[in-house]
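Next come structure tokens for two forms of one protein chain, structure 1 first, structure 2 second.
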Structure 1
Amino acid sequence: MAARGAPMATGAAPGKVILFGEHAAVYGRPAIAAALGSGLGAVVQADAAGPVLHIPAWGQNVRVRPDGTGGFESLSKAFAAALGLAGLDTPEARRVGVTMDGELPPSVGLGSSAAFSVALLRALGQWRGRPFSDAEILEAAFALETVFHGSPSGVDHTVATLGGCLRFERGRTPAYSPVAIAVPVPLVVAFAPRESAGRQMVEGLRARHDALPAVYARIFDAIGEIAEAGVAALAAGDLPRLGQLFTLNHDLLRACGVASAANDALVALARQHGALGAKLTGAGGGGSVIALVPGDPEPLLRACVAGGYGAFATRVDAT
């Protein structure tokens, strides 16, 4: 099942921002997530020294082997799993080199592991001569996401696979539905290094939840209601309401203990520079914040850079 004459195969997938409902999504509450304009692309070529996967854009010269000999444990396990899922398991079929590229920063809550998984699977599917369907990608990428995140809700890889803006609810069939957006939603994404892995943030909250389940159930219910109100605000094009809901969602994530000092500082910076509201996005413990900035984003972008943070302006398009 090797190259079938194709010298090269490609796959791509976007990153994402969670507009509402991270963490509560793990407990079956709705989350709203939108694909970003930036993502990751994968190119597969024949490589006699393969299998090897190279991500020059991620620094540290990430060069991963599925047997783990190159380090980067989660990436190498996910690479091994992807080769298996694509049926590339004979020594001949495994003579591949994969190069990943893209502007999506890794490990800051913008869905880099999901974009990695989906882009890699798409490229390997094309390489073997039988591309995966979206349904197959959803299933296979979930398997890879469990390598990275233990027991993820599935929101990240669903958006990475399908794109657009989706309402996601774990346990529902289907788990996702499109969200109508009346006017473009202008965002600034600002990020700090993560202090803890997303998986640790999810596990930490699980322990706190299990000690006081009724209390956390109420917080998660409130986050779910905020997500539903967010869907209505997106459909109505009501940006002030959306901003108010961002900030409410952030304050409840603080109550859950997943907002770091850097997340709070970025939310405060955003509000000082014209944001209608801001919240952490993703698992927290550092990582990214989204700010709803209807005016000129430059002052906030400059303030983020001056504070030593990464930042970029983007928008969620109307549908």
Structure 2
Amino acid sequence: MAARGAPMATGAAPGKVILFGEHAAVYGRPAIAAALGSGLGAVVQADAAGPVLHIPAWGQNVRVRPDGTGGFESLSKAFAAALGLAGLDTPEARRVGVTMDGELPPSVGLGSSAAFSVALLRALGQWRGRPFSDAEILEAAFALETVFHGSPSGVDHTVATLGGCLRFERGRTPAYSPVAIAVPVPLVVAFAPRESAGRQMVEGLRARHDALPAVYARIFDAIGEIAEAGVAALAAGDLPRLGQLFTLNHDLLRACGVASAANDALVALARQHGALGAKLTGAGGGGSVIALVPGDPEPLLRACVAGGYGAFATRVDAT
């Protein structure tokens, strides 16, 4: 039952971008991840035909049931798990319809599964009348992320839950620490279809690293230094410096072999249309590029659409 007899319950969560350090973070170097000003929102209402989950932004036919009917296996399993975690485990309690919407596309490296998990849990918790605490969301969302990714790093759902900007370093305690952002960071996010799954990109880079460990160690060290310089640029509000570091980070990711032709084309397109810098974000092999655009984003957005790419303008907010 919804809290106080409310006719609906809602929850929201932001997407995320890796500003610096993807892939090198697997090898112990720091990564900087930030919540986007764009994400997903969930609305829960009573539905006698429920439980059912509809995500119109991801396609007209994305209607999911926890028993797996209708396809979308991972979404179905995650929906079933979320209902259980929220205590909606009786036939009467499960008569709900959930609509998930927003401008965050799936499968392009923007933390869509984490935003989905956090928004869904927040809405279901409000519906049952016992909202989850942030600590409970962190634990429950991690469980849902394992449905999607097997062994997630934890970065995505932590940023989706806590917001802001975080420095992550594997093997360090605590693994996460806040990063100060002096001024909003205006971004255009452009994306292309994935040519390779994220897991394939990680495994391919691992094979190249194992063949030439000393060479890749130097590349990863340089990416780590860029991440630390990025923290300083964010704290100082130095957008030109931040843009320069974006492009340097992208060039090193190209050297690692994780940037696709589409990633490189989007970075070049961004630079041609006023971006101070641009880089792939996430695993690479297609997916998303972030471009730092302090002026009017419309010329770049139009150029992306004309080139057959998806794109939207957003920002990372000051903290």
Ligand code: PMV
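Computed from a predicted structure; not experimentally measured. All residue numbers here follow the sequence of structure 1, with the first residue given the number 1. Rigid core here is just the name for the largest C-alpha set that superposes within 1.5 Å across the two forms.
- Between the two isolated copies of the chain, the first is the form predicted together with the ligand.
- For S133, a C-alpha deviation of 2 angstroms or more is recorded between the two structures after rigid-core alignment.
- Superposition on the rigid core between the two structures places the CA atom of G87 2 Å or more away from its counterpart.
- With the core held fixed between the two structures, R167 has its Cα displaced by under 2 Å.
- We note a C-alpha movement of 6.0 Å at H54 between the two structures, with the rigid core held in register.
- Once the core of the two forms is superposed, the Cα of D67 has moved 8.2 Å between the two structures.
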